[in-house]
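Given next, in structure tokens, is a single chain: the form predicted alone.
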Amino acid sequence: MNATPGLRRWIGPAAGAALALLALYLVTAVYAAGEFLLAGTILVIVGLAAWVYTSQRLYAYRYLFPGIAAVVIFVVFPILYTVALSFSNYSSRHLLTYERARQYFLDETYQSEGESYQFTLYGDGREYRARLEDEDGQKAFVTPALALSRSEPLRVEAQPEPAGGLGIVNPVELKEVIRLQPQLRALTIALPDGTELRMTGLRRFGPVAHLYREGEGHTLVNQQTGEVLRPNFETGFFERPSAEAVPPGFQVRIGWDHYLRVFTDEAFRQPFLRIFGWTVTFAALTVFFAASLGMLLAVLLSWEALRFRGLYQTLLFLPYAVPGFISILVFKGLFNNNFGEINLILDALFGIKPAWFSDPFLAKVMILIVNTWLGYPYMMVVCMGLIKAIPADLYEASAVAGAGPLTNFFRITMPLVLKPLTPLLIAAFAFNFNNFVLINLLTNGRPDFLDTKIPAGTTDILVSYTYRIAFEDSGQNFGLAAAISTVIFAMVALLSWINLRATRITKEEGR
């Protein structure tokens, strides 16, 4: 009976210690995987958690800490990682670290001189056994049971086949050998005389030797030709004496090169500036059109004498209830140059079929139409709420003075609605500044510029342009894309700061 309170007193510390050990194990596993920045971030969070939850002075922060930790992991860490990536040459040609690229060369092999053997693989329960036989059929060797569950390097010693044979008569089929090829290529079979054999074909094992060996000063020496490869830590490649790069490359720090390229390289700066201009125009016009249409409809729906207002509100709000990506794809079909309903109607009425997807100007017009359609219901609902908050006395006094609907709108409604709406408009501008989904699904940035060396489209905005560089360009320059993402982040951060300032000014004016 007396042991229960004591046990309860130790449950909390024991659970905390268990969680701390689990977290430290996670940090170790992440560090062992080579993710040093993420491991350091998790370690800092674990240390802060231990401090916050064991200190009485920080008791109030215990409830805030989970949210702060989530912000650090899901917001701060990706930003830091992106910034760190922007200072490297990380791309499809430089995926590996220097150590892994060096090990790649050291693991390369070639078939050396010597006798090769016919290879047959037999199933042995859940494992396998390999049989090697020379060309004359005079010598045969068998291996012990092999699991072959992982494609990690494995070295086994083969023994002469027993006089009675292996005792297993059915070899595995060729398709099974093909499936196990990664594991078999990592297998080294040592014969009793010390000869090491590796897979040289689906049915053959032969003597192989490592192509490169370590030389002096981080060099690699080709054992076939004697050629020396030297690492170049500026280009991120091992290079021959003729300065020819030998792939695969490795990651190196290149400082501000990507940022200098964004702002100084003419081949890159020209599309970047044009895309930046369209990004600002697209975001500003979208906000303007959506807010204008939303406010106009809100004013009309606030008219007391209007019948069936509830029905109109529901119908006008429906575009916002439909998932955005579905609406975008529907509009993509409607605007189809040849079979879209919009062009069919225009052709029937006026005899014209606009090229919405191939003409740069019309493509931008189409994007603004679709985005206005997606954005006006939200603006309408917000404006209706703001209009209801305007005192009716103002309109009554205006009616006594003989003012009409237009005067009421420009002198009373719009000024009183616009002030509290301003922070929302800035937030909408920041959202559309990075509206990747709309551009990617509707036009995918096309039609492309014809005078640029880097793939860029006339309807690309900065974020979709970054995506194309990172994942669609043949070079897949992740470091350059990270630099552009950092620039975009700086712009959006500036907009957020303006938003906060505008909100503060609005609150001060409202007092």
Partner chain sequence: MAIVLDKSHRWRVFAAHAFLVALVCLITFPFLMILSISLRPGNFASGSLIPDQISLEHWKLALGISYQDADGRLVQPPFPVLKWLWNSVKVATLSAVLILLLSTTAAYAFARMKFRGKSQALSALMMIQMFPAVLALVAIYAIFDRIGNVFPLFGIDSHASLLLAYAGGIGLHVWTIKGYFDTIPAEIEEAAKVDGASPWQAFRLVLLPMAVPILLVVFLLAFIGAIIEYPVASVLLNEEGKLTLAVGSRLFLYEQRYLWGDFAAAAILSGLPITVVFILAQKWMVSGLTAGGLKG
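Positions refer to the first chain, counted from 1. By rigid core we mean the largest C-alpha set that fits within 1.5 Å across both forms. On a predicted model such as this, the values are computed, not experimentally measured, just so you know.
There is also a form predicted together with the partner chain; it is not shown, and the following applies to it.
Stretch 327 to 335 is the contacting one of 195 to 203, 327 to 335, 348 to 356, 266 to 274, since its residues have non-hydrogen atoms within 4.5 Å of the partner chain in the predicted complex. Residue 60 belongs to the set of residues with a heavy atom inside 4.5 Å of the partner chain in the predicted complex. Within 4.5 Å of some heavy atom of the partner chain in the predicted complex lies at least one heavy atom of residue 64.
Although the partner is absent here, residue 319 lies within 4.5 Å of the partner chain in the predicted complex, judged by heavy atoms. Among heavy atoms of residue 410, none comes within 4.5 Å of the partner chain in the predicted complex. In summary, among the residues 77, 429, 259, 105, the only one with a non-hydrogen atom within 4.5 Å of the partner chain in the predicted complex is 77. Of the residues 297, 229, 121, 101, just one reaches the partner chain in the predicted complex with a heavy atom at 4.5 Å or closer; this is 297. In sequence order, 303, 305, 306, 307, 308, 312, 315, 316, 317, 318, 319, 320 are the residues of 303 to 320 having a heavy atom within 4.5 Å of the partner chain in the predicted complex; the partner itself is omitted from this view. Comparing the forms between the shown form and the other one, the C-alpha position of residue 30 differs by 2 angstroms or more, with the core used for superposition. In this overlay on the rigid core, residue 463 has a C-alpha that sits less than 2 Å away from its partner position between the shown form and the other one. Once both forms are overlaid on the rigid core, the distance between the two CA positions of residue 71 between the shown form and the other one is 2 angstroms or more.
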